[in-house]
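Before any questions on how it binds or moves, here is one chain, the form predicted alone, in structure tokens.
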Amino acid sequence: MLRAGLIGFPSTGKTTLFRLMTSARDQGRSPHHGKLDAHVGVSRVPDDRLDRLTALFNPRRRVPATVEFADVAGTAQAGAKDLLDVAPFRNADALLHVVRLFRDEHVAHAAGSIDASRDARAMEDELMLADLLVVERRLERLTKDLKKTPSAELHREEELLAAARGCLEAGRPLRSLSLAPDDLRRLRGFQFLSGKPLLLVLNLDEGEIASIDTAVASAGLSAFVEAGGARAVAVCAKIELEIAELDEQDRRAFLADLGLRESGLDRVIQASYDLLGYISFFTVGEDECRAWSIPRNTHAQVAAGEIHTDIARGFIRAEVVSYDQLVARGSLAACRDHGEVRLEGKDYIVQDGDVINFRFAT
């Protein structure tokens, strides 16, 4: 399951977006043992393909893929250093920075004015500062450890952290570093905040919805997105939350009136998937039709482990048919008759839309 942490300065509409993404209502937040407490909610990933497969198989259960969102109370003191002490943020696959573009005289901006470029840069600086503190503490410890028990592994870690420190001191986030897979593994345990993929979620005024596709450029964020290796998507969280509370028919009509092809929920989830390079595969049958989210270029045996570790451990073969072929034929039996169900080994790279049945030994 993809995990995303919502970050943002006070009065940006971050909590409204959290409610939109998770259908959660306002609940009290309070410090927990001197640390910030996070709300965690789960959102179902919309996927028309799962709807079509469900109609085809008429299973007892329909289970969509999910995204977990974590939100922390936005206070003037709640910066990146605080997020290091909140587990859902440390363990997040990506960070979603909610940037305020809406104007409301009744909701003051913490900095006194609306400036998306300034806010994006300020949050990035906080993330990098938090990471720099971690790097410096670890380098101090490494210096002592190397004097006691020098090793090639510790020396390599020291070299990597020195490179990370240079990157951060130059004002560049760690996600901009190009590292070999082994080096990425060495640094993964630090859970660096500026090393996580970053999605800017621009929270617009209702009147700006018509220009949603040009919001990034209009906000002066094009250079930031390109230089920082981030992505951006625009929503109007307030009006889209109201739309989300309508029934399906009225929701579609309202979105059409606003000139929107997709809801804010769909756009943010799709942007998150694109940011992380995630895809979906499906398992189908009379009992259940389910969508599973995995990173692109995942091997079949690893994908099997998403369902259950026993399936990965006892992996024999994967029976694979593409979604398009299955829907066109109307049944797995027809696909088999036409030779469209393939047997793949553990090193097969799962493709977006694959419908898979895993054979495994118990």
Ligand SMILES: Nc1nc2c(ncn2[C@@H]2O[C@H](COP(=O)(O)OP(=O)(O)O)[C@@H](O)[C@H]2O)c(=O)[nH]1
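Computed from a predicted model, the values in this text were never measured in an experiment. Numbers follow the displayed sequence, beginning with 1.
The following text describes the form predicted in complex with the named molecule, which does not appear among the structures shown.
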Original post:
If contact means any heavy atom within 4.5 Å, which of 153 to 161, 170 to 178, 264 to 272, 201 to 209 contacts the named molecule in the model of the complex?
Top reply: 201 to 209
Subject >> Proximity to the named molecule in the model of the complex, single hit among C289, V135, L95, C236 (heavy atom within 4.5 Å) >> reply: C236
Original post:
At the 4.5 Å heavy atom threshold, is T22 in contact with the named molecule in the model of the complex?
Top reply: no
**OP:** May I ask you to check whether Y348 falls inside a 4.5 Å heavy atom distance of the named molecule in the model of the complex?
**Re:** no
Subject >> Close approach of D104 to the named molecule in the model of the complex, 4.5 Å, heavy atom >> reply: yes
